[in-house]
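Okay, so here's just one chain, in C-alpha cells, the form predicted alone.
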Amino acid sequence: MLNHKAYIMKLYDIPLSGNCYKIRLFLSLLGKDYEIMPINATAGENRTAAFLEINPRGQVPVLEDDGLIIWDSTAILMYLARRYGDEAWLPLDATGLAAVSQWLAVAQNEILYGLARARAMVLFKRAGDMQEYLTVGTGILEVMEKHLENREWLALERPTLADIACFPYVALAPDAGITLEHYPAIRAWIRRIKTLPGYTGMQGLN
C-alpha cells in the first residue's frame, strides 16, 4: 500500500507584514500545519513572472491549499474559517455575519489606510502623508475604544474573524509611533487575544 505524504498548505509570506501575520495567527489558532514560502519584496520577488502567475496583484499573503490558490488576507481568513474552523469564527446567520463583516471592512479601510500605512512609512520608508495616516489611524482607535468599553470582542460575545482581522495593525500601532496608552479598552482586548489557545506573536508583538 502506498504511503501518501499529507499535503501541507503553503503561505507566501513577508515576516513583518501585518496582513501575513493575521494568517499565521489564525492558522495557529486553528492548529493547522503549513509551510512558509518567504517572499523578499525588497528584492522584487513579488513582481517576478513566477509570483505573478500565483497572484497577478503582486501582493502577499497568498495561500496555496492542495492546488487551490487564494490571495487577499480577508479572503484567506474567510476560506480558512469555513474549511477548517467552525461557525464561531464566521457566523452563518445574517445578523452575526453582518456584525463580523463590518469589522472586516474596517480592517481593509481605516486600519489599513491609517495604522498600516503609517507603520509602513516608519519601518519600510514608504512615501506617503504621515499626518493623514495618523488622523485616520487615531480616528479608528477612538471608535474601537468606545466600542470595546462595554464588550470583550468586536463583533459578538466571542472572538471571531473580526478580531483576528483587526488585531495586527492595531496592536502594532506603536511601530508607527502611535501610543496605545490612552486606549485602555483596546489594550485589554489585545491582552484577551494573546490568551487565546494557539496564539502566536511576531516581531514587535509577543
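Note that residue numbering follows the sequence shown and begins at 1. In this text, all values refer to a predicted model and were calculated from it rather than measured experimentally.
Below: the form predicted together with a further copy of the same chain, not depicted.
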Practice prompt. Would you check whether a further copy of the same chain, in the model of the complex, lies within 4.5 angstroms of a non-hydrogen atom from each of D72, V106 and E110?
Written response: yes
Next item on the list: Report whether the minimum heavy atom distance between K125 and a further copy of the same chain in the model of the complex is within 4.5 Å.
Entry: no
Can you tell me whether R158 touches a further copy of the same chain? I mean in the model of the complex, with a 4.5 angstroms heavy atom cut-off. no
**Report entry** Contact test in the model of the complex: I140 vs a further copy of the same chain, heavy atoms, 4.5 Å
**Finding:** yes
* Asked: Looking at the partner-bound form in the model of the complex, is N46 within 4.5 Å of a further copy of the same chain by any heavy atom?
  -> no
In contact with a further copy of the same chain in the model of the complex (heavy atoms, 4.5 Å), from 22-30, 36-44, 172-180, 55-63, is stretch 55-63
Looking in the model of the complex, the residues of 72-92 with a heavy atom no more than 4.5 Å from a further copy of the same chain, listed in order, are D72, A75, M78, Y79, R82, R83, L90, L92
